[in-house]
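Only one chain is given next, in structure tokens, and it is the form predicted alone.
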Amino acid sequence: MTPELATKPEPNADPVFLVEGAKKSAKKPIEIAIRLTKVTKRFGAKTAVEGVSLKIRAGSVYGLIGPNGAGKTTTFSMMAGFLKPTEGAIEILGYPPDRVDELRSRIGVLPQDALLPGADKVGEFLLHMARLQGVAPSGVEASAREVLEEVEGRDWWNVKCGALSHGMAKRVQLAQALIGDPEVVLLDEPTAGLDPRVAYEVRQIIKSRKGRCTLVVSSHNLAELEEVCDSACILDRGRVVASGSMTELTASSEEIRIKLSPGPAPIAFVRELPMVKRVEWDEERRDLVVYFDRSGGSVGTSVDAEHVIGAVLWVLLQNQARISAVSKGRGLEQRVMELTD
């Protein structure tokens, strides 16, 4: 069977990726854009990735998380086709990554250490990349200019790549990954070394592509991943130690955290709330963690974090507690610290 993108969705529409069967009437939607099955990669005696299995839904933004040496870059490189797994299988839109002809124009990649040809003008570089991506000759320049405008670099067309600042170069590299409107985009450390403003702009570009394509983002910036990703996996020493939606990973649908200022700490009243399962109180740090039952406990109706925050704050304020901070879940950074060495 030959996978093909039957229709391009509108920017805000849900993605529809179709696989052609024996007959056109037998087309089925592709729900999983990327699938890794028990993937292992060894370099001699060293095992960099061991038994990694992942399913990444079409149209989502997915994060690869972990400390240095966790296997993120190796896993990313295998997805991109730069490396072959020692064991296991990888499918991108139904094909192994090395099926270049079938996947041409359907995948865009931004490697972590990508370099631009310093002597080439930005326009020349992007025209070349558009041709490599299989963009039709009549649409090559329009496609190149479109992605350059998307990264806010419309005035750089005739600027030599070697004259670009680091932030400008990073955005041109991002543009080449997006050229031709690929169905899967792989981004390795897309905001590394950028100043806060440019990093923010890059995150907005990533979020604007959500639903139009499947994006995989590998990054050390956990706050960034928590902001842009729908789901993620946490790697440690080459293995998956946790995976799921961002809500599941951060437990934001199961617990809330409140920091109290010096003064009364009416913890007993919080424990009496019907939806509360357990309360942890750190007197020294003045940190209160409330674990709750999403079914509502004895209340009998389902509750969310916002409902619990309202109930807990009401009890605390009624009993003269002073509140300095409130958050849902434990935060991605804390979750990663708990799960990795």
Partner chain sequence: MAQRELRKSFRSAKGVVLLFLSLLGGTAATLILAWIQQQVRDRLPDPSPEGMQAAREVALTAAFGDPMTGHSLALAPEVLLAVFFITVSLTPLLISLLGFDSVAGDLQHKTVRYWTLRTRRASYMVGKWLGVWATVSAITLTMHAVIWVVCIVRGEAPAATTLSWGARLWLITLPMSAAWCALTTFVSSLFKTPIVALLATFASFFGLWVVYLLGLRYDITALTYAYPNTFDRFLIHARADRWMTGLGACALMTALYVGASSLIFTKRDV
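Between two forms, the rigid core is defined as the largest C-alpha subset superposing within 1.5 Å. Residue numbers count along the first chain shown, from 1. Since the model is a prediction, treat every value here as computed from it, not as a measurement.
From this point on, the text means the form predicted in complex with its partner chain, which you will not see here.
J.: Are all three residues V100, F125 and Q173 in contact with its partner chain in the model of the complex, where contact means a non-hydrogen atom within 4.5 Å?
T.: Checked in the model of the complex: all three residues contact its partner chain.
J.: Going by heavy atom distances of 4.5 angstroms or less, which of R197, R154, H166, R104 would be at the interface with its partner chain in the model of the complex?
T.: Spelling it out, the residue with a heavy atom inside the cut-off is R104.
J.: Using heavy atoms only and a 4.5 Å cut-off, determine which of L115, A136, A89, A268 is in contact with its partner chain in the model of the complex.
T.: Result of the distance check: L115.
J.: From the candidate stretches 107-115, 189-197, 241-249, 146-154, select the single one in contact with its partner chain in the model of the complex, where contact means a heavy atom within 4.5 Å.
T.: Of the options given, it is 107-115.
J.: Heavy atoms within 4.5 Å of its partner chain in the model of the complex: does S218 have any?
T.: S218: no, not in contact with its partner chain in the model of the complex.
J.: Might A142 be said to contact its partner chain in the model of the complex, defining contact as any heavy atom within 4.5 Å?
T.: A142 lies outside the contact set for its partner chain.
J.: Using a 4.5 Å heavy atom cut-off, state whether W314 contacts its partner chain in the model of the complex.
T.: So W314 does not count as contacting its partner chain.
J.: Contact with its partner chain in the model of the complex for L83, defined as at least one heavy atom pair within 4.5 Å: yes or no?
T.: Judged by the heavy-atom cut-off of 4.5 Å, L83 is in contact with its partner chain in the model of the complex.
J.: Can a Cα shift of no less than 2 Å be assigned to K207 between the shown form and the other one, given superposition on the rigid core?
T.: It does not, since the K207 C-alpha is displaced less than 2 Å between the shown form and the other one after the core fit.
J.: Using a rigid core superposition, assess whether A242 undergoes a CA shift of 2 Å or more between the shown form and the other one.
T.: The answer is no, as the C-alpha of A242 shifts between the shown form and the other one by less than 2 Å after core alignment.
J.: Tell me, please, whether between the shown form and the other one the C-alpha of V109 is shifted by 2 Å or more, with the rigid core used for superposition.
T.: Superposed on the core, V109 moves its C-alpha less than 2 Å between the shown form and the other one.
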